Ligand SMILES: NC(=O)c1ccc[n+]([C@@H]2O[C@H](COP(=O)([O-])OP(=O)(O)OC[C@H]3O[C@@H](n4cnc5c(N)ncnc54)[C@H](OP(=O)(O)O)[C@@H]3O)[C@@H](O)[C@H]2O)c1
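In C-alpha cells, one chain follows: the form predicted on its own.
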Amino acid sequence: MAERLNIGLFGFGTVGRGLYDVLEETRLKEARIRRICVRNLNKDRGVDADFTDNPDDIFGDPAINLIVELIDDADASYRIVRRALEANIPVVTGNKKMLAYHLRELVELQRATGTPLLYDASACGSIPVIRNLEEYYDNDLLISVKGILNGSSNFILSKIFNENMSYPDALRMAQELGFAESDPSLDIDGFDSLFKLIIITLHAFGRYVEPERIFVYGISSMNDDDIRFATEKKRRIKLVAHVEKLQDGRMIMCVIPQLISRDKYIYSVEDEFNGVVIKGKFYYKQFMFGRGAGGYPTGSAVLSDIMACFYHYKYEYKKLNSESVPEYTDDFVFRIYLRYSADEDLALFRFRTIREKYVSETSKYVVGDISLHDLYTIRDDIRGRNLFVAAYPEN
C-alpha cells in the first residue's frame, strides 16, 4: 500500500458525510478523500469537495488506491465492489444487503485477486464484532452469537416499554429522529438484522447461508396485548438475531422477537444501541455494546476499516477451510408465544406441546413448543395476519 490512501468515495448520505466529518476532525495523514461519486450533482452538500456523478472518474483516476462504497442501492453496490476487486483496488463497503446475497462469491474473488474487501461497518455500526470473530474467536470453542443488531427496532421497543408509548407513536418518533426510514419494513420486519446475521455467521462459524433459507419475523404486527403479556411475565420484547452451534455440531439461525428476562445482557440495551452476546466453551459469555447506526458511529467503523487497509490487513476466512464447519439446520424445537385472533390462524401452527392457552372476548394466546422448520414453512402465510409470534426462552 502507498504512503497515503487516496479514497474514491461512493455515496454521500448519512454515513458518507459521517466519514467525511470524522476524517476532517482527525486530520489523518494516512488517508484523504480525493473524489466523491454521487447520483445528483446539483444537490448542495455543504462541503468543499470534488464531486462527480460518473464512476469512471474514480476508477480511471490512477491516484485513487482505495474505494469506499457507502450507498444504499445493493445492486449498484455489488457492481462497484466487484469492479474494484477485479481492478485490484482494495475496497471498503458498508452495504449489508449486498454482502448477504453476494458474500460467498466476493470471498472467492478476493482469494483469486489477493485484493482486500473489508466491511466491519456493515454489522453493528461502531461495534467491531466481525474482526473480533475473525481474529479473537478463531477456534472451535464458539457456541453462539446473538443480540440486537438493529437500532431502529430497538429504539421503538425501548420507547414502548420504558415510556409506555404506543407502537405507532414510537415508530413515528423513530422516523422523525432519523432512526427509521419512511418505509421502515427492512428494520421492523427483521431483514436488516438478517443481513447482518449472515455476515456475522460466516466469520463466527465459517458457514454461508442464503437469506431465503432463514426464518425471519419482525415486530410490525405487535400490539398492546403482546406488550401486556411481556410486562406481566416481567420480560421485554426485543428483536433478536441468533446463530448457535448445537451439541450435535449442526447450526441454527433465525431472526425473531424474543421475550427477554431481566437477567439477560440484552434486556437493558436501549434506544438505538446494539448489543451482541458471544458465548463459548470455558469463557462462557462476553458482551459487546455500542451504537449500531448513525453517521458518526458507522463512519468511525468505516475509518477503522480504512486504517486496516493502510496496514495491509485483510480477512483470512480461516474458518471456511476448517474441517468442523457446522451444517445449517432448522431441525430445532423451542418455546414460543403466539397471540392470534382467528382459529384458522392458530391452525397454521404445528405445536408439539401446548403449555399454556388463554381465550377471552378480546385476546387469545398460546404458549407452546414448535420446530424452527415448521415456522419456516409457514413464514409467508403468517405475514400480514392479525397475529404475533415471539420466542419465549426458558430461564
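Residue indices: 1-based, along the sequence shown. These numbers were taken from a predicted model, which means no experiment stands behind them.
Omitted from view is the form predicted in complex with this ligand, to which the following refers.
The closest non-hydrogen atom of residue 280 lies beyond 4.5 Å of this ligand in the predicted bound form. Looking at residue 96, you'd find a heavy atom of it within 4.5 angstroms of this ligand in the predicted bound form. Heavy atoms of residue 298 reach within 4.5 Å of this ligand in the predicted bound form, making it an interface residue. This ligand is not shown here, and in the predicted bound form it never comes within 4.5 Å of any heavy atom of residue 269.
Only one segment in the set 342 to 350, 366 to 374, 42 to 50, 325 to 333 has any non-hydrogen atom within 4.5 angstroms of this ligand in the predicted bound form, and it is 42 to 50. This chain is displayed alone, yet in the predicted bound form one of 206, 290, 294, 211 has a heavy atom within 4.5 Å of this ligand; that residue is 294. Screening 37, 338, 31, 64 for any heavy atom within 4.5 Å of this ligand in the predicted bound form leaves a single hit, 37. Residues 70, 71, 72, 73, 76 are the ones in 61 to 81 with at least one heavy atom within 4.5 Å of this ligand in the predicted bound form, listed in sequence order.
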